[in-house]
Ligand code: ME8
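Taking the form predicted on its own, here's one chain by itself in structure tokens.
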């Protein structure tokens, strides 16, 4: 289908409630989905929960619950958090669903027919926390690099996938940009892994009960990572659903740096094996720390997105999470700076600017402006901002798109101070019509650019401007209704 856009987020292990790391990638996808819709593209956006595997089974046992009951409760926490953040996914895929299981078994059947699956013996290291087979050279001081815990030594019969058969073709497709991996550093990371050699990988496990049974031999379960990757197809009703034929291949996978290998090597190889198109782009976001340290329950620095929403509101939380640093890089979030950033950027920035502009239009012109030309300097600034903004949005550089918008906000603030509409009004200077019309036009541009980021607040502004232009902002006592978009909060 022309003009379609299919994007996905990682599906997170259903082992605990979501934190801001989970929220970041899903929110990032939501902003991109909203932007794509505004460009009149037909968008399909999926999120979900990874509900199988030994770590899920272990957590359920620790909670004295059966695995299905346990993941049902965790899935509800994710759904509640995404609703609070106003994330508008089209499908929330759960790997315990009948739809997913049916699609996975079809996929495995297709793999089996290609003769790319063979029995073998795995003897080595395994990290239960990330459900990942590891080599000695991947360890950091003998520990899993992601979880900083020693991996288990295991020996078990598995079925393996002939990964090495497809590595040359995957490398070729990465180099010719048929499979685009961004940023470049993550692309180079994958090319280095391929260059240094990577063995075939297991697609089944012998001693894991909580999962989808491997269909060709008793006692084997489909390896949770293989099964989880297939969610990008099963969310569309793979293999025969109209939606799958309409939207696949994915236009964008958004993932974290820790799962780059699975998505940029294993996943393309599996798809090549069954003759299915590869994803077009894989965007890999960096890690972030909290107050200079990795998120940890022990340290008590895990931030619940629901806590942020209750304090700042959904739109402000959305802004605060994506405006910290470029997503393609690693960065640090200082929790204590949230209030300062809220007041600086939102209350004193966009909120104050919009209130000033609308207040002057109401006070000086009763909300009614004459048709007039706009100031050329602001026209030029809008054109430059718009060009930069769309370039960054099309390249999924949301941090820089926000920078473009807030640079223009400063431009309008400076324009107000230079033109001094209050003086023009006092002196009954006719130039005030052009100045106010220019400011209103600039404000409407800002709202259109910020709509994917802060959808509810921009809708409030649109409705306010509509009523303002209709002269419907008087209360029963005759006072004007002021636009107070982001009230200041007490800084910590």
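The structure presented is a predicted model; accordingly, all values stated were derived computationally and were not measured. Residue numbers count along the first chain shown, from 1.
Form predicted in complex with the ligand: not shown, discussed below.
Within 4.5 Å of the ligand in the model of the complex, a heavy atom is found for none of 7, 251 and 266. Shown alone, this chain has one stretch from 367-375, 386-394, 221-229, 348-356 that lies within 4.5 Å of the ligand in the model of the complex by heavy atoms: 221-229. Though the ligand is absent from this view, in the model of the complex it lies within 4.5 Å of a heavy atom of just one residue from 255, 361, 174, 208, which is 255. Put simply, residue 213 is far from the ligand in the model of the complex: not one heavy atom of it is within 4.5 Å. Put simply, residue 186 is far from the ligand in the model of the complex: not one heavy atom of it is within 4.5 Å. In the model of the complex, residue 30 stays away from the ligand, with no heavy atom inside 4.5 Å. The closest heavy atom approach of residue 89 to the ligand in the model of the complex falls outside 4.5 Å. Residues of 14-39 lying near the ligand in the model of the complex, listed in sequence order, are 19, 21, 22, 25, the criterion being any heavy atom within 4.5 Å.
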